[in-house]
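Next up: just one chain, as C-alpha cells, the form predicted on its own.
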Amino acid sequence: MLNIPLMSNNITEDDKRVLADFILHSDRFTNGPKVREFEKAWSEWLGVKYSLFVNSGSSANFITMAAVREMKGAGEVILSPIGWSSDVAAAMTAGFTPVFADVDLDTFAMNEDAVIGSITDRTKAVLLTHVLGHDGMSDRVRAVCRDRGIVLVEDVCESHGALHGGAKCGSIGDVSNFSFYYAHHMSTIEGGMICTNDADMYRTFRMFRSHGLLRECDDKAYAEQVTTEYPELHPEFIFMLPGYNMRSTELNAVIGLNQLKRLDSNIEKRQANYRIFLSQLDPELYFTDFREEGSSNYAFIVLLREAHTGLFPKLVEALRKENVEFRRGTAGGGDLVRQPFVRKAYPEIRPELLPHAEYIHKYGLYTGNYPDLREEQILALCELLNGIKE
C-alpha cells in the first residue's frame, strides 16, 4: 500500500523549539512587534512595500474585497470558477456581483480572452487566482485593468514563489492575498497576508483588520484630519469602517518567521518532485501539457486526457485502495459555480458555459506534493496511475 497523505507535518521540531522559547521569554502574545517583523520580512521576500498579517487567507480575501468596495463602490468582480470558496464569498459579502470567466487547462487560471471579454463599465476588480502553484498572470489583463482603473487582485494562496517574467506572483497586481494554512507552501498554522504597493489601500486594510478603528491607521496626517472632523468622538474610538477583528498573533508570526527561512529551498524540492511526476505520467492517458515556466508546484494534478466516464471512478477507487489522499476537482472541489451558496444566489449562472472548469470538475483531482515526499513514492504513484485501464 502506497500510504501517501495529502500533506506531511510541516511544523518542524525546530519550529516548536523556537515557539516554546518565545512563549517562555515573552510577555506579549497578541498582535505586536513579532507580527510587524514578519510583515517586514514577507514584504522583502515578495518585493512589495506593504504587507499586513491577518488570521487566514480567507480573511485576506474578505478585507481586500471590502476595501475595493469602500474605494471603488458597488459593481462587478470577475473571478475564477476554479479556486476557493472565499474568493467568491468575499466578493458577494462586499456587495459585488461575481462574474465568472472560464479557465485554461495548462494553468487552471482564467483565460485572458474570457476575462477581457467579461469587462464592462460596472467592473470594479479582477480577482486572478494562481491555481495550485501555476503562474496565472496575464500581461494583457494587467494592461486593460490599469488603463480602465480596475483593481487587479492576485490570489496567491496556493502559489508562494510562483514567478511571472522574473517577478514573484503577488507583487504584480494592485493587491495580493496569501494563505499560511497548514497544507500550503509554508505555514503559520493559521494565517494570511495582504500585500500592496498602494499606501491608501494599505491604510484601509489596516483599519478593516482591526474593527475599522482609525487608531490602526499609520497615516498620521489622515488621522488628525478625521479627528478634527469628528470632535465629539474620542480619538481612541473612532470607527471609520465596518471592520471586524481579523488580526493574527505573535505566536503565528514567530512560526512564520522561522518557516520563511526555508521557503525557497522547499519550493525547489516541490519543483523537483513535480518534474519527476510529469516525466513519468502517461501523456496519452493524462493531461501533462501544463505551463511549467514560473511554477511553484503545490500539488500533483491528475487530469484525464479524454472524457472517459468509466475511467475516472476506477482512478478514484485505485487511489483509495492504496491509501493515497486526494481532492477531486481542485482545492476548492472543482467548479465553484455548482456550489449551493452560488446557485442559490445566482440561479441564472450556467455551469455549461464554463467548459474547461466543468471538465476539471468531472475528470480532475490532485494528490499531495511536499518537500519530504520521496522519489520512490512518486514513481510508485505514477506506476499506479499509468496502470489504470477502462
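We number the residues from 1 along the sequence you see. Given the structure is predicted, the values throughout are model-derived calculations rather than measurements.
What comes next is about the form predicted together with a small molecule, which does not appear here.
Trainee: Only one of these stretches, 248-256, 157-165, 268-276, 222-230, has heavy atoms within 4.5 Å of the small molecule in the model of the complex; which one is it?
Mentor: Looking at the other structure, the answer is 157-165.
Trainee: Among the candidate residues G170, P81, G191, G136, which is the single one with a non-hydrogen atom no more than 4.5 Å from the small molecule in the model of the complex?
Mentor: Result of the distance check: G191.
Trainee: Looking at F312, Y181, Y244, F290, which is the one with a non-hydrogen atom within 4.5 Å of the small molecule in the model of the complex?
Mentor: It is Y181 that has a heavy atom within 4.5 Å of the partner.
Trainee: So in the model of the complex, is the small molecule close enough to A331 to count as touching (4.5 Å, heavy atoms)?
Mentor: Yes, A331 lies within 4.5 Å of the small molecule in the model of the complex.
Trainee: Within a 4.5 Å heavy atom cut-off, is S295 in contact with the small molecule in the model of the complex?
Mentor: No, S295 is distant from the partner.
Trainee: Does S176 reach the small molecule in the model of the complex, with heavy atoms at most 4.5 Å apart?
Mentor: No, S176 stays farther than 4.5 Å from the small molecule in the model of the complex.
Trainee: May I ask you to state whether S58 is within 4.5 Å of the small molecule in the model of the complex, using heavy atom distances?
Mentor: Heavy-atom contact with the small molecule at 4.5 Å: present for S58.
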